[in-house]
Ligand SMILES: Nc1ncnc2c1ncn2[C@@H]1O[C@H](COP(=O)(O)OP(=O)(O)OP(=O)(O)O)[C@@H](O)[C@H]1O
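Shown here is one chain on its own, the form predicted on its own, set out as structure tokens.
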Amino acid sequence: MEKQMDLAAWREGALAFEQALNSVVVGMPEQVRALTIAIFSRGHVLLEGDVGVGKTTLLRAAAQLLGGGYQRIEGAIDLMPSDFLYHAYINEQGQAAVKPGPLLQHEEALSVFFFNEINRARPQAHALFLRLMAERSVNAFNREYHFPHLTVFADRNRLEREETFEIPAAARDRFLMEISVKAPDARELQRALMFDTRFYDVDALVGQLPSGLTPYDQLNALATQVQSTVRAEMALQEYAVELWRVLKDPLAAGISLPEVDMSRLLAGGASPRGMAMLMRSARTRAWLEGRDYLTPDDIRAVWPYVVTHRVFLSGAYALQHERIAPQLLQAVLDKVSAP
């Protein structure tokens, strides 16, 4: 029988983790809460946003707080799957040699793998990354490497279109959450980012955080216990299922959006896996709020982060995903009455 963990004490630790993240980035409390939920739900995270808004700083800070092995790789048009697995070089004897690449250097102690600007990499690299996220394992050097405690972070530069490759639907669906990061609008926060010198040196800013504040190798057991502890009453279950049904067929539910032909809007999405991840995230959110039961607010809080990137639009509507998908998701929430 597995030892029961002190969920109250772990909750305090999770809130300390969240507070530490908020100390190195400003104006992102909602994004930081979403990232915290994803990590304690044992899910992978994709951040997207403009250049220089703090995506990399936020992910580096999370990696520092989790401890364990950390590696990153830069997306590039010539990046190949082998670049993850091994590095070929000429040794001191002038002979060709091979050593493990960034993905394999820490083996099972790998805690965080960060794929920077993932959309600059070709589909071949995405394919290996897909298996890594799905199975937390890869094959190399005639053996299989397992990463049981791994969390994958990635970010996407959505400003530039040249020499970029859209992430395939299967890969996007492997991310528990897709979080949009924007520069703060508040004047005082903008002033702080411009004039507070502690934000000038990201290495020093992240380095001041306690390494391993949240032990990465205990998160799997914690997540299992949280998921089994937080209950969902039947009325809440019916509410969640109705959200799914309306999202799958918004036209039949009577939803309409301005200048959108609802009969031609959806290409797919709202999969069983996606809805299960929605409930997984909602349970973690309830735990962070100090409850052992789900409420509609838990679902609504994680709904945009978990579901938006799992709604696939047809034809020309796909080019307007950033505008239409949030409207659709809000319309679904408005349509279904909460218990």
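On a predicted model such as this, the values are computed, not experimentally measured, just so you know. Residue positions are given as counts along the sequence shown, with the first one as 1.
Although not depicted, the form predicted in complex with this ligand is the subject of the following passage.
J.: Can you check whether the pocket is open or blocked when this ligand is overlaid onto this chain using its placement in the predicted bound form? Blocked = 3+ ligand atoms within 2.4 Å of backbone or C-beta.
T.: Site status open, zero atoms under the 2.4 Å cut.
J.: Counting only non-hydrogen atoms and a 4.5 angstroms cut-off, does Val25 reach this ligand in the predicted bound form?
T.: Although this ligand is absent here, Val25 would touch it in the predicted bound form, with heavy atoms inside 4.5 Å.
J.: Given that the partner is absent here, does Val53 sit within 4.5 Å of this ligand in the predicted bound form, heavy atoms only?
T.: Contact with this ligand, yes.
J.: With a cut-off of 4.5 Å between heavy atoms, is Phe199 one of the residues that contacts this ligand in the predicted bound form?
T.: Taking the distances in the predicted bound form, the answer for Phe199 is yes, it comes within 4.5 Å of this ligand.
J.: According to a 4.5 angstroms non-hydrogen atom cut-off, is Asn119 in contact with this ligand in the predicted bound form?
T.: Contact check for Asn119: no, nothing within 4.5 Å of this ligand in the predicted bound form.
J.: Only one of these stretches, 62-70, 43-51, 308-316, 278-286, has heavy atoms within 4.5 Å of this ligand in the predicted bound form; which one is it?
T.: That would be stretch 43-51.
J.: With this ligand left out of view, which of Asn157, Gln225, Ser111, Thr214 would have a heavy atom within 4.5 Å of it in the predicted bound form?
T.: Selected option: Asn157.
J.: Using a 4.5 Å cut on heavy atoms, which of Leu193, Leu85, Leu266, Leu132 is close to this ligand in the predicted bound form?
T.: When this ligand is considered in the predicted bound form, the option within 4.5 Å is Leu193.
J.: Suppose contact means any heavy atom within 4.5 Å; which members of 69-103 contact this ligand in the predicted bound form?
T.: Result: empty, none.
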